[in-house]
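Okay, so here's just one chain, in structure tokens, the form predicted on its own.
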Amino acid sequence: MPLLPPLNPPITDWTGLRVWIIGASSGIGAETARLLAGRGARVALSARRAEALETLRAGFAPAARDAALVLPLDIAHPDAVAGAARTLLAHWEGLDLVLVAAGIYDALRAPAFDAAALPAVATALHVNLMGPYHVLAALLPALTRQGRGGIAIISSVAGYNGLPRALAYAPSKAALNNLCEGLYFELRPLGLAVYRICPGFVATAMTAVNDFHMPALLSAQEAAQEIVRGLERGDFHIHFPKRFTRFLEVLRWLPRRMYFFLLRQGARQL
């Protein structure tokens, strides 16, 4: 029994809940969609690859498949996000939860950084940071009128501190972490739940390019289970695996001299 009440209303039953998952074509988004569809939620699936979304839906049980919607879009394009939101809200007459799982990673490193890398920086910031803003712009007016529902954004533990090999990715996630706190402060009094999701290393196509050891690596299925458990508990900050993320949280409070020393020692193991 927790000493303090949860920061968001716990979700005790997914049956019939209307959940929009953006970034559902693979990885964490796809596995979360499978999990929630299996628990009775009505899911809307969005990503750039329509064929992958249709394949995902085809794997659902018949009732879940019939209730699911496929709305292909590129989160980098605000008009596409807004159009999909209008279609969804008209069809469902409301929304209970949006999960923003779309994102990209580019291993930008300072020693090799020059003007040629700027387009990659702009793309990462546009997709990882402006993409969620596009979703907020499309949904917040309807959600605030509705007076209930939730916004869940997948950020990363990479946003906790500055990290090597992540000159665009980590800053975009740091901004998302900050954004979620601001959203919670202003939207929770209006009846809306806000969830900040910070995974550690998860085995997906995005992390498959990494040429270093990824400690406490989880499968996408395990990550989806952690996310759903956090939503059900009503957590604001959903982070996992705890043995890794709690260590990173401790590093945030260390003097920078000690932090950089420990980070340098860890980098030598990569």
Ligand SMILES: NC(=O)c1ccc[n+]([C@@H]2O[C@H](COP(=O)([O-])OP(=O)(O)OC[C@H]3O[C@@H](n4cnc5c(N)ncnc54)[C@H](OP(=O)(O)O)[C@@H]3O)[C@@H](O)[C@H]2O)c1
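As the structure is a prediction and not an experimental result, all values here were calculated from the model. Don't overthink the numbering: it's just position in the shown sequence, from 1.
What comes next is about the form predicted together with this ligand, which does not appear here.
In the model of the complex, I75 approaches this ligand with a heavy atom inside 4.5 Å.
For F60, no non-hydrogen atom is located within 4.5 Å of this ligand in the model of the complex, even though that partner is not displayed.
L97 falls outside the set of residues with a heavy atom inside 4.5 Å of this ligand in the model of the complex. Taking the partner from elsewhere, G27 is found to have a heavy atom lying within 4.5 Å of this ligand in the model of the complex.
The single contact residue among L231, A41, V202, A44, judged by any heavy atom lying within 4.5 Å of this ligand in the model of the complex, is V202.
With this ligand left out of view, the stretch that reaches within 4.5 Å of it through heavy atoms in the model of the complex is, among 103-111, 139-147, 185-193, 82-90, 103-111. Heavy atoms closer than or equal to 4.5 Å to this ligand in the model of the complex belong, across 128-157, to the residues I154, S155, S156, ordered by sequence position.
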